[in-house]
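First comes one chain, alone, set out as C-alpha cells in the form predicted on its own.
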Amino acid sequence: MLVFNYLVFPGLLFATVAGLLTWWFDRKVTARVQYRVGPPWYQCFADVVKLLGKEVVLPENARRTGFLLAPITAVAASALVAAMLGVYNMNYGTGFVGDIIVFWYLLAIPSIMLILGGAASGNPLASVGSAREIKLLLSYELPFIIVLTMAILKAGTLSLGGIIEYQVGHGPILYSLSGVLGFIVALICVQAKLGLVPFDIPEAETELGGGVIYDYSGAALGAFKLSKGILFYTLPIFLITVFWGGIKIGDGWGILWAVLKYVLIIALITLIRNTNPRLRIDQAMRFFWGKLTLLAIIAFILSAIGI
C-alpha cells in the first residue's frame, strides 16, 4: 500500500497530472489576460510527452555527466517531495524528527540542478543564467528558512508531521498575525522557486533565450519541464501543509476545502505573475535580502512572543 501511495496516489503519478493541469491553468489565465485564447487543457501533457520521446542533442562543449544528470536529479527530488507530502497528509503522525529540514533541502535541489546543468552546457548564455540562478537561490532561501523556522518555533517540533498535528489541535498557523506574514513571505519565495515572473531572471527568454536551459533539448528538456510541473503542485501543497493546517481528505468537505485552498494559492501565484514586470537580478536580491527578510524576521519575532 505504501508503494502505491508513493508511486500512484498521492505520489508521483497524481503529482504529475495535478502539476501539469495547474501549469495549464496558469498558462490559460495568462493568455486570457493578454487577450489570447491560450492552449487546450492537454497542451502541457503533449509538450512533455513529445520532449521525452525526442533525442537529446549534446552541445559540443558540454560536460556530459553533469549535463545529463541534472534534469534526472531534478525530477527525482520533485517527485520525492510530492510523494512524501501526500503520505504525510494522508497519515497524520507520519515522519521523523528533522524531516522538515529534509523537505527544505529537497525543494532546493531542482534549482541547484538548473545551476549545474546550465554550467555544464559550456554555453555563455547558459552560464549567465546559472550565475543568476545562484544569486536568486541565495536570495530567496534566507527569508524562506526564517519563516520555516517561525513555523517550527510555533509548533515546537522539527517534524512536518508534528506541525500538522499541532495545527489539528491548535488551528492553522496561518490564523495568526505571524502566520499571515510568514505565509506571504513563503508565497513570494515559492514564486521565485517556480521561476515565474517577476523572478524568471535565470531564463529570461527575451534576454538570454532560455538561459540555464538554453542548450537543453529532447528528453533532458522534457525532464526539466516535468520537474517544474510537479513543483507547480508540490510547492502550494507544502504551503498548505506548513501554514494552513494540511489536507484532511477524510470526507467530501475536507477534499473540497483542500481544493479551494489549493486554487486560491495558484490564483495568487498567477496574479503575481501577470501584474509585475521582470526584475533585474540586483533588484531581486535587494528585495529578498531587504524587505522580505525584514518581514520574515518580524514574523519570527511575533511568533516568539505568541502573536
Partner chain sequence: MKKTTLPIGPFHPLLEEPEFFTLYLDGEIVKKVDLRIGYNHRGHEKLSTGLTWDQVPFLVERICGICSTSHPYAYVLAVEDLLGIKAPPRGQYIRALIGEMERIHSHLLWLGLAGHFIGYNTVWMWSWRYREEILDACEKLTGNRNHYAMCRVGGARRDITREAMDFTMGALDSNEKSTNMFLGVFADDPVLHKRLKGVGVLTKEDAIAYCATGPTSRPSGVPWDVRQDDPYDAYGPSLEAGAWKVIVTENGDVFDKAVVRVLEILESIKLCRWLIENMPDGEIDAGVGDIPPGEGVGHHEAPRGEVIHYIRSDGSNKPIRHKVRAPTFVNLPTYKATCPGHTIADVALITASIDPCYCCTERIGVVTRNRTSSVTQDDLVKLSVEKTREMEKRMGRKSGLVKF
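Positions refer to the first chain, counted from 1. The model shown is predicted, which means the values in this text are computed figures rather than measured ones.
From this point on, the text means the form predicted together with its partner chain, which you will not see here.
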| Residues in which of 268 to 276, 253 to 261, 61 to 69, 236 to 244 have heavy atoms within 4.5 Å of its partner chain in the predicted bound form? | 268 to 276
| query | residue 208 near its partner chain in the predicted bound form, any heavy atom under 4.5 Å? | reply | yes
| query | Using 4.5 Å between non-hydrogen atoms, is residue 156 touching its partner chain in the predicted bound form? | reply | no
| message | Given that its partner chain is not shown alongside this chain, does residue 33 nevertheless sit within 4.5 Å of it in the predicted bound form, heavy atom to heavy atom? | response | yes
| Looking at the partner-bound form in the predicted bound form, is residue 183 within 4.5 Å of its partner chain by any heavy atom? | no
| message | I need to confirm a contact call. Of 103, 144, 224, 214, which residue comes within 4.5 Å of its partner chain in the predicted bound form, counting heavy atoms only? | response | 214
| message | To verify the annotation, which of these, 187, 137, 197, 87, has a non-hydrogen atom within 4.5 Å of its partner chain in the predicted bound form? | response | 197
| Residues in 114 to 139 with any heavy atom within 4.5 Å of its partner chain in the predicted bound form | 124, 125, 128, 132, 135
